[in-house]
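Take a look at this single chain in structure tokens; it is the form predicted on its own.
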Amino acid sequence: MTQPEWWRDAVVYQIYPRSFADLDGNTIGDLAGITSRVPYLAKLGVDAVWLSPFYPSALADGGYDVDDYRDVDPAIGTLAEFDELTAALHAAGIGVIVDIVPNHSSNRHAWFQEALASPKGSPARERYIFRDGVGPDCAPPSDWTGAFGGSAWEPVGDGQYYYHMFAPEQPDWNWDDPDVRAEFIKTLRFWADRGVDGFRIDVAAALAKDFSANPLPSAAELAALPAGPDHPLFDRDELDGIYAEWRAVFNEYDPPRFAVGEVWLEDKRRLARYATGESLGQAFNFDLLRADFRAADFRDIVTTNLDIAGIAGSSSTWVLSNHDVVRHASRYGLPLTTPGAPFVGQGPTWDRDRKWLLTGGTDPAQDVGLGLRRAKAATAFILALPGSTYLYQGEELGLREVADLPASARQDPSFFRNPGFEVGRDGCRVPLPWTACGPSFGFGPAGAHLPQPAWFAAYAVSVEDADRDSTLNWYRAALKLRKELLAAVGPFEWVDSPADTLHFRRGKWQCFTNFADDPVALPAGEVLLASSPVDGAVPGATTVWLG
């Protein structure tokens, strides 16, 4: 990508490599499979792809347990194949963003194995967070639980425990250790030197930690602390220094590399710190992932996050689905929650989704047609906003969540560590359907690592490619038109509109969304794009672009 700040208004397509395309027939998607689909990505019209982890891994957490940050999992490919993929994407005018997982490694990482083999207090153990057990029974250092359930502390047999924010197979790095900081600088340069244009930073707000308190706060005390300088785990000020070092590395390249942080914070003022030109450059705005399809909620979210982007001197990010959440075509097909539900965190929308998943997606009933109409309307809405849009593989096909996967097929650790409470994220990670028939709908010659439902046949790329009214062809048209409209875009401003609708303009480009069930009058202007057919009025759950 030749423009220094190409990412500010880019459309980025997230690829979960293990579930995109399998060329070698081992049931797992691979880099060669992605390379074979570069023409598809080019025709779709995306500006960049973000590759979720493809590193060597035991898959204790879908590849986010990394054995080696500077290699490729043999089941997925080789470094040479990564170079071939990067070259093919660049030749098509598509940038490359890779996932960096700096909060924790795999327990198979060479440095963690060295730490286990080394004595207490050794330099090898200082790279991770080891603490002595407490009391006569050598109990864990605190009663904290990991994100996937169970204790956050794992004993190693010599009176010490190591801390893991997530699964036991994911020991947390100690970012006070200079070896750790230097190692990640080396990793960033390794991938930037191979042509990577940017980085998505996993758990970006949690690297810096403070375990100096004795005793450590209880789980209840920890839960009551807001993220920020006084929290031992999240959003500490020391992160500014870490990311300033990274920014210096990014600026060594021409054009400068950028990063987008996975940051879940209630305090939006602190979110801006991660998105400045002295830090990562961009931070994810996840508010729409936790919002219902409701005009008031969308307007509040947009206003807040455009303000934050202005404070940071960055651009906002808009995302409706990713590898961690229920696909938005399903979320929007469920009954709305109570107005005013929280936008982020474990709010009513999230609780509703979880309960729906626990019933295999049957209670409450999902309105598939309404869910897709709302999903397309929401996508058209965010594509028209200032900032970059992050799409998740398969949403361009209108895929919904595969909620009824059998327990025997599930892979997500949250399912196994929280039985009866979580079913995990496998339902949005099911391999894509490329053809309407075959052992894995064209994903690969030997089947898929997660079972695909029969209804995938109607959503296959081959089927939708041939249907000019398909969701896929609508996405293609929307992304093509968006590029054209951005060439002469004006400032963002809200326009007064009827209840349960939102209307904004960016110069001559207008976007109007009807969040209600009943049609409303079509605003003046030429219809450039509509998420569902428009004939004199805007139907419910529909977005229209006007010029």
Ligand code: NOJ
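Remember, predicted model here, so these are calculated numbers, not experimental data. Heads up: residue numbers just count along the shown sequence, starting at 1.
Unshown form predicted in complex with 1-deoxynojirimycin (NOJ); subsequent notes refer to it.
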| item | value |
| --- | --- |
| Stretch in contact, per heavy atom within 4.5 angstroms of 1-deoxynojirimycin (NOJ) in the predicted bound form, of 178-186, 162-170, 87-95, 68-76 | 162-170 |
| Output flag, W7, W191 and E252 jointly within 4.5 Å of 1-deoxynojirimycin (NOJ) in the predicted bound form, heavy atom basis | no |
| In the predicted bound form, the residue from R127, R200, R400, R257 that sits within 4.5 Å of 1-deoxynojirimycin (NOJ) by heavy atoms | R200 |
| Contact assignment for 1-deoxynojirimycin (NOJ) in the predicted bound form, among R417, R236, H323, R270, heavy atom within 4.5 Å | H323 |
| Close approach of Y64 to 1-deoxynojirimycin (NOJ) in the predicted bound form, 4.5 Å, heavy atom | yes |
| Distance check, E154 to 1-deoxynojirimycin (NOJ) in the predicted bound form, heavy atom within 4.5 Å | no |
| Contact of W318 with 1-deoxynojirimycin (NOJ) in the predicted bound form (heavy atom, 4.5 Å) | no |
| H449 within 4.5 Å of 1-deoxynojirimycin (NOJ) in the predicted bound form, heavy atoms | no |
| Residues in 120-159 close to 1-deoxynojirimycin (NOJ) in the predicted bound form, defined by a heavy atom within 4.5 Å, in order | F148 |
